[in-house]
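This document opens with one chain alone, in structure tokens, the form predicted alone.
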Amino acid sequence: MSINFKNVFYTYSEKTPFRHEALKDVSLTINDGSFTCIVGHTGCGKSTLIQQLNGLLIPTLGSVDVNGYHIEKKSKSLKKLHDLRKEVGVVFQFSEYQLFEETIEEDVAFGPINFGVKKEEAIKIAHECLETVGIPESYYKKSPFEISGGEKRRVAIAGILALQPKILVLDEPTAGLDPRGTKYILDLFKELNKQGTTIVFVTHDINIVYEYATDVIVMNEGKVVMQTVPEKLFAEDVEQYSLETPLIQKTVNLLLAKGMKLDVSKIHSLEDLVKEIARVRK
């Protein structure tokens, strides 16, 4: 199964003086099992795009098909959005606003309970997911409002993982995390992707795209200007899309200019670069 956008437009405050067309004739496919990053400058439509995936926003025009669910205005399947939202988990940019229960474990258990899981089993699932995102057991009975911003982000992610979604949609999920926490969470998403979860990841950090993405969508002014794989994107002048060249790519370019014969097809991370340099030097 895959995600398909067909000629999607989305307009905020339609028929008012504040009318704003956020998406303009978007057609794209996100493949099942991919780790797809969506990039582009602030205000280009990235967050609006991902909110179409589970019906939080319904296209003004056009349609979205997600794993057999058809989303468009006047569609009968809109009545099934409750089921779709179990399959498509969304972690928002300010995910701490998703927290509301008295304790952390109750907050994470809320989703499964809402979908019919008994409380005892839901608490067990919550504990497993909290452990997965690195929240210690001593925190489970704490209020989610007594912990740091980065910890709130992890709890919010655990709450979505508790639903066992087939598609995990993430809007700047590493914001507020320190470098170690960022790598931990990114590696977690990478492992979930290896296990079959489709990852849709909005980010301003082009280095994340370089190291983790299998596919990339570039947006500008509400339109998709490119859909490709990272290798092809970074082979171009990415500044034309208001993007920066990843740090690893800059390093590779400098080494190639100095005459070092690197196999760039083998370099997808800092560790890969170190191994390739060691191979060449030998």
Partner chain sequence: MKLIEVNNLVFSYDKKINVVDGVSFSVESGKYISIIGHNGSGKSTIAKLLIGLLEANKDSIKAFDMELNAKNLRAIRQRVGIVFQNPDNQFVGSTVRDDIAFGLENRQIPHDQMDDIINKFAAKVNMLDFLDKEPENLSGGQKQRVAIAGILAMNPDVIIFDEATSMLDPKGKREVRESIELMRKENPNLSIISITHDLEEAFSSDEVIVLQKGKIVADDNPENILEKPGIFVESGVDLPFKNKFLNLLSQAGIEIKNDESLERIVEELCR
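Positions refer to the first chain, counted from 1. It should be emphasised that the depicted structure is a prediction, and the values quoted were computed from it without experimental measurement.
Omitted here: the form predicted in complex with its partner chain. The next part is about that form.
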Q | One stretch from 159 to 167, 109 to 117, 146 to 154, 186 to 194 that, in the predicted bound form, holds residues within 4.5 Å of its partner chain by heavy atom | A | 146 to 154
Q: Mark Asp178 yes when one of its heavy atoms lies within 4.5 Å of a heavy atom of its partner chain in the predicted bound form, and no otherwise.
A: yes
Q) With the cut-off set at 4.5 Å between non-hydrogen atoms, does Phe100 touch its partner chain in the predicted bound form? A) no
(Q) Does any part of Gly43 reach within 4.5 Å of its partner chain in the predicted bound form? Heavy atoms only, please. (A) yes
(Q) Even though the partner isn't displayed, in the predicted bound form is Asp263 close enough to its partner chain, meaning a heavy atom within 4.5 Å? (A) no
(Q) Residue by residue through 129 to 145, which ones have a non-hydrogen atom no more than 4.5 angstroms from its partner chain in the predicted bound form? (A) none
